[in-house]
Ligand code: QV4
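The chain that follows stands alone, in the form predicted on its own, written as structure tokens.
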Amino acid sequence: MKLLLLLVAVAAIANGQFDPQQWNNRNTIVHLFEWKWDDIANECENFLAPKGFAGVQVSPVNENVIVYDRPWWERYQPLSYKLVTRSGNEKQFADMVRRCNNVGVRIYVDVIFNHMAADNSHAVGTAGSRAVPETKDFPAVPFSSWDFHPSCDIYNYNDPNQVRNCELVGLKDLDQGKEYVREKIVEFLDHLVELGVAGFRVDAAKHMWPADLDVIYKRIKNLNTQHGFAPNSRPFIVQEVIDLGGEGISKYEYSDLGAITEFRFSAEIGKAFRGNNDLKYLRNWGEEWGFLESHKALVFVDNHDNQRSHGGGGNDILTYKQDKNYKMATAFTLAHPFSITRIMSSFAFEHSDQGPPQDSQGNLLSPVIYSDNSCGGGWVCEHRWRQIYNMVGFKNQVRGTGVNDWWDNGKNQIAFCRGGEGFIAFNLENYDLNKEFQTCLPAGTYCDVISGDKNGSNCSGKTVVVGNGGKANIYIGAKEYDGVLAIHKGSRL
């Protein structure tokens, strides 16, 4: 009996790392990239929870280097594990986590423990800021030179030893094989768990040995029941492993440890909705495309790296700058049952190093929220675009169903049902889509959640009349603002 209980406990630890620990009626994460903690708390209460979002990925929470001109990547050069950044201090972070959990929005922290800050040849402190260490001494942790791998550069990404033991862009490479280093990392992660986070995005996971990560993950505490997590719940783990095929390090080396950021998804969805690969081929979307199993793949149309041409995918990656195609790709991502989904919420940028909106002292500025739900002040807020937040609601409505009644025109017009809960159609052709479809929905009038919002018995956008037997005429003009139409049971007027 004891052996059986032990085996069950071990299985729970292993499987728990794939569970995002979300409320049952929600299933989409948004990355509020570089937002302040107070602003995230307000967003959880005022927008994310009412719109059905399941969680927020937040930017790194711990003390980092201050770099001249304050680029976004300074947050990825840690100085210590103290919870103080431009986003706020530990008290503000803890308050944000509590407030978001209270309304059912989970918090996932982007954590960095592959490395510590670079030396002065890689980052320049602003006047009056803390200088970047020239040695491998980080007294606030503390780490000393004994805790790092010997200095070496990564020249060959097909050499796993070099990738995992040498310095990523000159950043000081921690040796996670050392017991003391593991203890300090687990201490950092445990503290975040105590504050109520639901899990972690592990930055640069492919630059660390899988066996070392396995030890670290298993030592992390169970989630804090005072924040609404069930007893013995394990932190959700998603690992940044960039594997577009033909890499020296494979995502499959990490896929038994936790979920993986599926970068191939991003490249392929961009290729399709840019018109470089016919939409008809999305019929077998999922594992047959070489993606990981659905419960192990965290997917996105773009992320903070590849929208800046880092991390692979090149010109195939869609971003907010190609807004119509981007909305279509995001709608497909949220309409399809494959994977754990994450939405990007950006700030506007003109060059790849550009940091978030800030004042003359380098303090982060809050997004300006407008009455139509959009935002400004240098922030893009894709998650506040109607075509995206209403598809989060669509995904919640159709949860538990598969794809059925697929149709395509042999090229770039497609449509399908999700069980008897929802219907969606896409037109990426240069001519109109005008056809009768089986929507799989009960007879009635429905609000198209792409072109408008449902408000009681009214719709601010297009409406679709579904007749007996589920049939409806669907029209999407080639020159319409949106190339997609979506209806579901919850949008019935």
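For every residue, the number given is its place in the sequence shown, counted from 1. Quantities reported herein were computed from a predicted structural model and do not represent experimental measurements.
FYI, the form predicted in complex with this ligand isn't displayed, but the following is about it.
Verify the contact flag for His115: yes if a non-hydrogen atom of it lies within 4.5 Å of a non-hydrogen atom of this ligand in the model of the complex, no if not. It does: once this ligand is placed as it appears in the model of the complex, His115 has a heavy atom within 4.5 Å of it.
Can you tell me whether His207 touches this ligand? I mean in the model of the complex, with a 4.5 angstroms heavy atom cut-off. Answer yes; at least one heavy atom of His207 falls within 4.5 Å of this ligand in the model of the complex.
Mark Gly311 yes when one of its heavy atoms lies within 4.5 Å of a heavy atom of this ligand in the model of the complex, and no otherwise. Gly311: yes, in contact with this ligand in the model of the complex.
Tyr180 within 4.5 Å of this ligand in the model of the complex, heavy atoms: No, Tyr180 stays farther than 4.5 Å from this ligand in the model of the complex.
Three residues, Val109, His191 and Arg234; all within 4.5 Å of this ligand in the model of the complex via heavy atoms? Verified in the model of the complex; spot residues all out of contact, no.
In the model of the complex, the one of Leu168, Val84, Ala348, Ala94 near this ligand [non-hydrogen atom within 4.5 angstroms]: After the contact test, the surviving option is Leu168.
Counting non-hydrogen atoms within 4.5 angstroms of this ligand in the model of the complex, say which of Leu195, Leu292, Leu279, Ile242 makes the cut. Checked against the cut-off, the match is Ile242.
Counting only non-hydrogen atoms, choose the one of 392 to 400, 226 to 234, 208 to 216, 69 to 77 that falls within 4.5 Å of this ligand in the model of the complex. So the stretch in question is 69 to 77.
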